[in-house]
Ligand code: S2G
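Only one chain is shown below, in structure tokens, and it's the form predicted on its own.
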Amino acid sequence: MTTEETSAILQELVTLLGSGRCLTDEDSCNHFGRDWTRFATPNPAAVLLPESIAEVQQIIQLARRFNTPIVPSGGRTGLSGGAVAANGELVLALDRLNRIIDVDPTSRSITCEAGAITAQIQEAAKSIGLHYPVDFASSGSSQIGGNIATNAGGIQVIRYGMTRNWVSGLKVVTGTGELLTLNRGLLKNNTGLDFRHLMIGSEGILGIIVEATLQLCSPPTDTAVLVLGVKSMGAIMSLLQRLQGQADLLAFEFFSHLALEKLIAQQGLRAPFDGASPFYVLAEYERQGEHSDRELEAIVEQVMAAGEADDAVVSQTIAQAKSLWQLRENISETIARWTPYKNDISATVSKVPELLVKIGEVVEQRYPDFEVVWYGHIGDGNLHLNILKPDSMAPEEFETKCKSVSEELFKIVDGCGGSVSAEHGVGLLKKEFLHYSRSKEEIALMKSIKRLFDPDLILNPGKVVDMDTAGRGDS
């Protein structure tokens, strides 16, 4: 846009929203123009804070008239650059669309606006004795619209699945400003194509999610947390197989000793036991009485007798369980100061041992001078490989070095039938690697679908797929 065009649309936006909700100051632009990634400098033209669906529609219609790109912004906790506005876009922040509209114990559902915080939804469910089970470390700041747009996973996917499993209705504003009401919160609705599922995981390139209806379930009861120090990745998978046969698992997580060292040094957390192990497993499970306790004890004794584990601890109180969970959930926040380059990969659980061996060999060979932190939701096949930037290295040089190795890693992921982005989304950072998980034909269809919902290509441009401006998507 020219300076005159920018000035003209900003004048109309101020008329629509008022100067207090159309922000152009540097602090606001820096805060709202980025997510948790730090590889692009935010540079939005303005930050918009609508308070109604009608205002979102009017903003989209104005943006369309002025051919101005829009970047939707939720809690800005994303890790793939999907909410970065670096090229003079308008940031459409959903922070003020945050109401819980309805809590329905009969339908076991919650209807809320897109800016509602995940933890707020969890508390609303708890108030009627029910449970919203999609949970992760950023639940205190992430927004449900962003969770849905990225199909967020988290720590209990092994039991409850991804966000997609819990969305029974959506309201979405398309790139033309049209409001779509999708599925109406129905559990059974067999009336043709379900556009709701196109929007889930679409990262804002098809429409702006403004309202959602979420299903709830009964909460787990009498849970406990087990942490073991294990000697190898192979031992982790062996332990998973043993536990799956005997324990009602809610979560099965792992992290490396380097991750634990960073937590102890940066946050003052205590190690779970005196000895050190190469890797640690955290398993949360639902207790089924003394019989299940004895079975779990037997499994722990077996893996230790087999030389697969060094030590173990089981939570005895809720406070201790929360303390043990901090060892896993606080990792991402702790290592953020090293501007980590994140690889969020997955495979089917049966393919994880093969993937781990092959990835491990490449990492050891290609990253000899970098600190490498492993952690992830290994119980559902999701591994987080974090390369930490040396303090002396410029971010641009670091990103270039990491990307060159990512090509090699993603070829391995492709060979194992896996995904280059298990739960973080594609955004900016994984866009050029999308072809390792999606075929040329699939990518072409994605671009065609985007043109149907966003014919002027104003919604989150440059994310997920690149589009040309001549009516055809790039191949």
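Just so we're clear, the structure is a prediction, and the values are computed from it rather than from any experiment. Residue numbers here begin at 1 and follow the sequence given.
Note that the form predicted together with (2S)-2-hydroxypentanedioic acid (S2G) isn't included here; everything after this is about it.
- Here the marked residues R242, D248 and Y285 all miss (2S)-2-hydroxypentanedioic acid (S2G) in the predicted complex; none has a heavy atom within 4.5 angstroms.
- The candidate stretches are 417 to 425, 430 to 438, 53 to 61, 38 to 46, and the one lying within 4.5 Å of (2S)-2-hydroxypentanedioic acid (S2G) in the predicted complex by heavy atoms is 417 to 425.
- For the candidate set H377, K171, K389, R159, a heavy atom within 4.5 Å of (2S)-2-hydroxypentanedioic acid (S2G) in the predicted complex is found for exactly one residue, namely H377.
- Contact with (2S)-2-hydroxypentanedioic acid (S2G) in the predicted complex, defined as a heavy atom within 4.5 Å, holds for exactly one of L214, L130, L79, L97, namely L79.
- Interface residue remark: K342 is counted as part of the site for (2S)-2-hydroxypentanedioic acid (S2G) in the predicted complex, having a heavy atom within 4.5 Å.
- Residue contact check for S332: one or more of its heavy atoms lie within 4.5 Å of (2S)-2-hydroxypentanedioic acid (S2G) in the predicted complex.
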